[in-house]
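We begin with a single chain expressed as structure tokens, specifically the form predicted alone.
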Amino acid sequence: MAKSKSALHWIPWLTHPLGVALAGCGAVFLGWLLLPPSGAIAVVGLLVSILLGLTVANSHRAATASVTSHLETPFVLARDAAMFQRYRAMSESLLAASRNPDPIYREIALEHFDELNRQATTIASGTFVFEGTETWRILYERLLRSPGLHLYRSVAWVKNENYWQDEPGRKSMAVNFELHDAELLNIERIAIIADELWPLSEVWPVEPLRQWLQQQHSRGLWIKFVRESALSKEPELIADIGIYGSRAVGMQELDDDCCTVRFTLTFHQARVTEAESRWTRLAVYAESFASYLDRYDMP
């Protein structure tokens, strides 16, 4: 039994390229010492043949493994009933499209399937993109209410006095207050305020922005704020983002009227870590609303 284990121990070494090379050199050396010239030549020829055979075998094995991985896809997905259902639906759609011989139809269909594939690739990387719509707020609320989420950190880039003052914005704020009051979620928010909304000559931002900040503070949310011009040396900190615990990060792009142009949500851990770093740096510039209120009376 001990000899068997010893032999098995050497198998990985002999399958390694360096191990094969050393074994071949040893065989040639022994052949040169122990065999006549004709025998040594035969040994070299045999080794070359073996090496060529191994090269072809490895290439064939790699190609077979690649094909097998594609063939195994439905069997792997079958372990996930929900994903397998969608795999079948997509496969049936592709099969149905392939049966239509019209060349214009095929050209348009392939373009659309290419676009679907690009979207699927984005989703598979952990990212979702909402273009020009407020439907992202439904997902926003689902995330805030999700089990295991206890901290939500928000950076509000306020470029307009009507920021989050429309109906969807007020509903989102109501969810913030509900979850915070129920002690289900800690909410921290830093507001980056455009200078025209908070001139250097003024102690407080303009209305209704001032009351928007005051309301959140009075409801117990952790609020900081900073003028946009104070971040001129680190403009990359100026963004509208939300950090959902350590799970995901969302970035909202708004136009000058504070309407959503694009909302990108990613579950990629590297992006979450990057957002946390930006949050820490931004907090250095911002001032606590509570301490500011201690120094200045509200109008």
Partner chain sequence: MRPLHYLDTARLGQMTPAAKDAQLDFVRLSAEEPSSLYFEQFLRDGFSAWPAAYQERFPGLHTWTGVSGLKHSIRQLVDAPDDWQVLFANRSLSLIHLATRCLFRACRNVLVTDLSWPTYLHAIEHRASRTGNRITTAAIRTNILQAGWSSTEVAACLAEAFTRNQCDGLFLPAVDHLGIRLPIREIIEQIQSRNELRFSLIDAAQAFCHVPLDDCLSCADFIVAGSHKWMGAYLPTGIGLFGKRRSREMISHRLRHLGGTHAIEDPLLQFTEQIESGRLDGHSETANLTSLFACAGAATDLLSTRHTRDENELPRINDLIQTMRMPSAEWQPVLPKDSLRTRIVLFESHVPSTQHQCVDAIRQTWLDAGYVITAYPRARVRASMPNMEPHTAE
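Positions refer to the first chain, counted from 1. Treat the numbers as computed from the prediction; the structure is a model and nothing was measured.
Same protein, other form: the form predicted in complex with its partner chain, not shown, and the subject of what follows.
Within 4.5 Å of its partner chain in the predicted complex, a heavy atom is found for all three of 186, 288 and 293. Out of the listed residues 140, 164, 222, 128, 222 is the one that sits within 4.5 Å of its partner chain in the predicted complex by at least one heavy atom. Between the options 160, 172, 214, 154, the residue in contact with its partner chain in the predicted complex by a heavy atom within 4.5 angstroms is 214. With the partner omitted here, the stretch from 186-194, 108-116, 130-138, 70-78 that lies within 4.5 Å of its partner chain by heavy atoms in the predicted complex is 186-194. Proximity of residue 227 to its partner chain in the predicted complex: non-hydrogen atoms within 4.5 Å are absent; the residue sits far from the partner. Put simply, residue 181 is close to its partner chain in the predicted complex: some heavy atom of it is within 4.5 Å. At the 4.5 Å threshold, heavy atoms of residue 121 stay clear of its partner chain in the predicted complex, well away from it.
Put simply, residue 150 is close to its partner chain in the predicted complex: some heavy atom of it is within 4.5 Å.
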